[in-house]
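Next comes just one chain, in structure tokens: the form predicted on its own.
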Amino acid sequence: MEIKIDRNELFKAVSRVQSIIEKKSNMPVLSTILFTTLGADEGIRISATDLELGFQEEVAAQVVQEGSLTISGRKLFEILKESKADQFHISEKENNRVVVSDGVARFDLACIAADEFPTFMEPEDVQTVSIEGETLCEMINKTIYAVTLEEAGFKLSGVYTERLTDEKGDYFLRMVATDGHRLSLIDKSFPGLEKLDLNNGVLIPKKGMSELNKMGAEGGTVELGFKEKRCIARRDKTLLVMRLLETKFPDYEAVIPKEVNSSVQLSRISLLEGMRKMLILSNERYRAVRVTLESNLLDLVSTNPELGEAEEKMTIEYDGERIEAGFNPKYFIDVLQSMESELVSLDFSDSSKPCILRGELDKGFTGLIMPMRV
């Protein structure tokens, strides 16, 4: 195989897969990128996989000789990053060697035989729905931060995605994530949802969601579909196939309070800044902020016996009963950073129940934070 390719186009594609390729694996081929020619005038296909997630992108290139080869994804990225040339020349040599040159520097690299690269499995005849990249990113950004980071929390290690119907019988898509201490949920409706093969909810892994978010951030529309325990996403000449997590997501609706006894509205930015100040004195042992709601006042207090105490009082409009509860300020920061509304509402049932955050500009979104002992 031999090709000539624009450096910027190649660098963009190779950068895109750095988070997919395995850095440490007992299968060295998973740390490589597969290059496959598509024909003399059709360019090449770049593929990367970690066996759970597969990515392909077609890139324009001049094909001198057809074929396929693998190159270390990390090393190629570093070579491209340091080069100032406009074009790269990549050619396969004997004994599993590949030469990468920009006309100034030349790298003779050891590679792995292309036929050792895992077969890229894409389900056939997948029904897809078109979703605006901006909408997709909003849904992901407002849920992914709540996915658990604990290895033991396999049931919570992805974003639960399901198709539901409203009172009128119209379909909408819901994404939910929780780590057991907080929960984020967002609903969005758009045309074509009835075509999705999504009669039951699915759990999309966090890594896959991050890649899907990158695809959405590139703009335009993304074709999204589900089949054979996989999620498939397409955008222009890019394809992403994710293996879904096979586990039962917990009954998340059971933890969402059905009634609200106390509610207050305040500036999202003011509350965000206040929680950031409370976070300054927190550590692994002392990470709670005491939130007190009473007579036109919201009081935030963070106490750490090893460091001291921080307090901030915020004037609000509130004449309900006194509420006092402890929360992790980091959870408030994550929710508030993902929101867009100038004003947010904090809803409480009582001191032992979760705090619910919503905003007028954040339609369909609900953020829930469980209380903790102060």
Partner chain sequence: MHRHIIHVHIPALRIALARIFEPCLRERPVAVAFPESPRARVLSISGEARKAGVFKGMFLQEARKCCPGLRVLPPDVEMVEQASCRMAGIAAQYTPLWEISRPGHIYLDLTGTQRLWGAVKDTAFCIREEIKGALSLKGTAGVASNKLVSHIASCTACHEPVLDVDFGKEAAFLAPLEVSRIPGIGGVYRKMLMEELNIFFIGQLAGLNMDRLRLLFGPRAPVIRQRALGIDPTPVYCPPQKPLMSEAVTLPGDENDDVRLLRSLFRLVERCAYRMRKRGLVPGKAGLLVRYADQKEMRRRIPLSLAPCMDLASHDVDFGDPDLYHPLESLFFQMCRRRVRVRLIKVWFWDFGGKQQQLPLFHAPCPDRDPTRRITRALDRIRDRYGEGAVRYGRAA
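The shown structure was predicted, so the numbers you read here are calculated from the model rather than taken from an experiment. Residue numbers count along the first chain shown, from 1.
If you look for the form predicted in complex with the partner chain, you will not find it shown, but the lines that follow are about it.
Participant: Heavy atoms within 4.5 Å of the partner chain in the predicted bound form: which stretch among 107-115, 204-212, 122-130, 244-252?
Facilitator: Looking at the partner contacts, the answer comes out as 244-252.
Participant: Ser338, Asn328, Ser31, Thr37: which sits within 4.5 Å of the partner chain in the predicted bound form by any heavy atom?
Facilitator: Filtering the options by heavy-atom distance leaves Asn328.
Participant: Which pick from Lys195, Lys227, His181, Arg174 sits with a heavy atom within 4.5 Å of the partner chain in the predicted bound form?
Facilitator: It is His181 that has a heavy atom within 4.5 Å of the partner.
Participant: With the distance limit set at 4.5 angstroms and only heavy atoms considered, check whether Arg7, Thr70 and Gly73 all reach the partner chain in the predicted bound form.
Facilitator: Checking in the predicted bound form: none of Arg7, Thr70 and Gly73 is within 4.5 Å of the partner chain.
Participant: Even though the partner chain is not shown here, does Gly359 get within 4.5 Å of it in the predicted bound form, heavy atoms only?
Facilitator: Flag for Gly359 set to no.
Participant: My question is simply whether Ala288 lines the interface with the partner chain in the predicted bound form - judged by any non-hydrogen atom within 4.5 Å.
Facilitator: Looking in the predicted bound form, residue contacts with the partner chain include Ala288, since a heavy atom lies within 4.5 Å.
Participant: Is Val374 one of the residues lying within 4.5 Å of the partner chain in the predicted bound form, judged by heavy atom distances?
Facilitator: Output for Val374 is yes: heavy atoms within 4.5 Å of the partner chain.
Participant: Mark Thr303 yes when one of its heavy atoms lies within 4.5 Å of a heavy atom of the partner chain in the predicted bound form, and no otherwise.
Facilitator: Answer yes; at least one heavy atom of Thr303 falls within 4.5 Å of the partner chain in the predicted bound form.
Participant: Within 4.5 Å of the partner chain in the predicted bound form, counting any non-hydrogen atom, which residues from 323-356 show up?
Facilitator: The stretch touches the partner through Asn328, Tyr331, Ser351, Ser352, Pro354.
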